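First, one chain by itself: the form predicted alone, in structure tokens.
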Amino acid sequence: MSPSPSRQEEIASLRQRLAELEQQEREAQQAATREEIHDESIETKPTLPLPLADYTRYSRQLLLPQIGLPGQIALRNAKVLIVGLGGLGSPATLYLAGAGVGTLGLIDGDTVEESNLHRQIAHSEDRVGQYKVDSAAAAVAGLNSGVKVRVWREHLNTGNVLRVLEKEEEWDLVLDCTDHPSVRYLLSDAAVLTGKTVVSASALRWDGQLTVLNDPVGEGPCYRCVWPNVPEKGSVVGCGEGGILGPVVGVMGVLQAIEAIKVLVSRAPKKEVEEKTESTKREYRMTLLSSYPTLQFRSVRLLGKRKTCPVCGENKTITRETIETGSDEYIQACGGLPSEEGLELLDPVTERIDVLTFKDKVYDSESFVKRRVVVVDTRPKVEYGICKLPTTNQYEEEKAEMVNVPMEELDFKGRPSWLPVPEDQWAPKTDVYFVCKQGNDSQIAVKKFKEASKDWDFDGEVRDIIGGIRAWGREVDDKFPIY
């Protein structure tokens, strides 16, 4: 028997009501699901240890077992101070920025010059004249905008080194990218006193060297442990005098970045299995690069800390006070801390001559015609081949004789065979002028010549040309090559 019409209407109404309730249930479940997903996204976002974009950006180095996520986090949280933004500091800065080091401190008082560009790759032609730290900061910003950069437009010295190393920022690591031995000693001393590890490198001509100092802090050797004898004043050749191949100093700067990354990620939390596989014995080593004629790397084992080291040894004589008062030997050693002034070994009135006076006296003065003038150029032969002072004046009149005798070939044990003047024409008809690139070696040559010539019956004038051939190019002849 079929239900009555009234019963059918009731059943249909109940079914409709059931469908409505089921729809409401489904909507409630969907809403609950969406809320759950939304809540999970809120909870997940702050728990990511790195910004989401970093996982893609640094994916290639995240894959390295020695780095991984803990190492990348350590790099992001790290603060690294780079001292010197030249040939070493340029590539080191760019590679550390590329690797994602969170904060970079840059200190250098120099400005970008055109002669820097063949090797200092953080700089460019449009930034010539800018402070190197500003130029490097611009390069970092263009490479990785997520890196924080602090700059100091000044040279590191006894008055600021402790402030920069520990009071301005809590640095995790310091890179020594300087080109002056005195600053190397100063920076290493201050790093020991402030508890910082230093990655140090240097390069000259075709060669370079690299070492990590004071690592672990308080255990590894410092710069004085490795080089206990401070070089004598004027004895150190820089790349401005000895030359440097751009890729050589670039390689050493890249190696500094590698060592810096290794130090920083080594301080990240490690898994138990990784800790067990690491060697407990630490060797201190120096890496040496020789790129000519055959490219080769060597690794030399260092002895470690020296008990007699005056900064980290048993009887310390170098303290914060000695640095702050500027009383330590690096103030006088190696030519002193960087400055624009050259050596002053001679009396500027009686033993030296400036380029303008030299020009007027030798090339333009008629009263000087009867005197014989010999200019001894003490630069290496390769530099002499680049450019040399003229022997004639504007009227093509012979005014001077030029002879190239590199410093290492100057012999003062007897009458100099390199002096192209017969002995019977020496005094009082001959004057000798020594010239070099910028007026340092020439002073040393004058001192030796005057001392030795006491036994030669030579009483002509002997002087050095102040500022060397670079001064000639700046002040006398604007078409003269300056290198």
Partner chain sequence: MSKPVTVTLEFSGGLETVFNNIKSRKVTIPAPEDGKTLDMGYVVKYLADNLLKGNRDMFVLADKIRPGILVLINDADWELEGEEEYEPKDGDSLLFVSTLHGG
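C-alpha atoms forming the largest set that superposes within 1.5 Å between two forms make up the rigid core. Numbering follows the first chain given and starts at 1. Just so it is clear, the structure is predicted and the values come from calculations on it, not from any experiment.
The same protein also has a form predicted together with its partner chain, omitted here; what follows describes it.
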{"property": "Contact test, all of R205, L302 and R306, partner its partner chain in the predicted bound form, heavy atom 4.5 Å", "result": "yes"}
{"property": "Non-hydrogen atom contact N404 with its partner chain in the predicted bound form at 4.5 angstroms", "result": "no"}
{"property": "Touches its partner chain in the predicted bound form: K79 (any heavy atom, 4.5 Å)", "result": "no"}
{"property": "Its partner chain contact in the predicted bound form: R184, any heavy atom under 4.5 Å", "result": "yes"}
{"property": "Interface membership of E232, its partner chain in the predicted bound form, 4.5 Å heavy atom rule", "result": "yes"}
{"property": "Per-stretch contact check against its partner chain in the predicted bound form, the hit in 282-290, 393-401, 379-387, 147-155 (non-hydrogen atom, 4.5 angstroms)", "result": "282-290"}
{"property": "Interface residue in the predicted bound form among G71, G86, P221, G105, criterion: non-hydrogen atom within 4.5 angstroms of its partner chain", "result": "G86"}
{"property": "Heavy atom within 4.5 Å of its partner chain in the predicted bound form - the one residue of S365, Q296, T317, S266 that qualifies", "result": "Q296"}
{"property": "Contacts with its partner chain in the predicted bound form - residues in 237-252 whose heavy atoms fall within 4.5 Å", "result": "C239, V249"}
{"property": "Flag for L62, CA shift 2 Å or larger between this form and the one not shown after aligning core", "result": "no"}
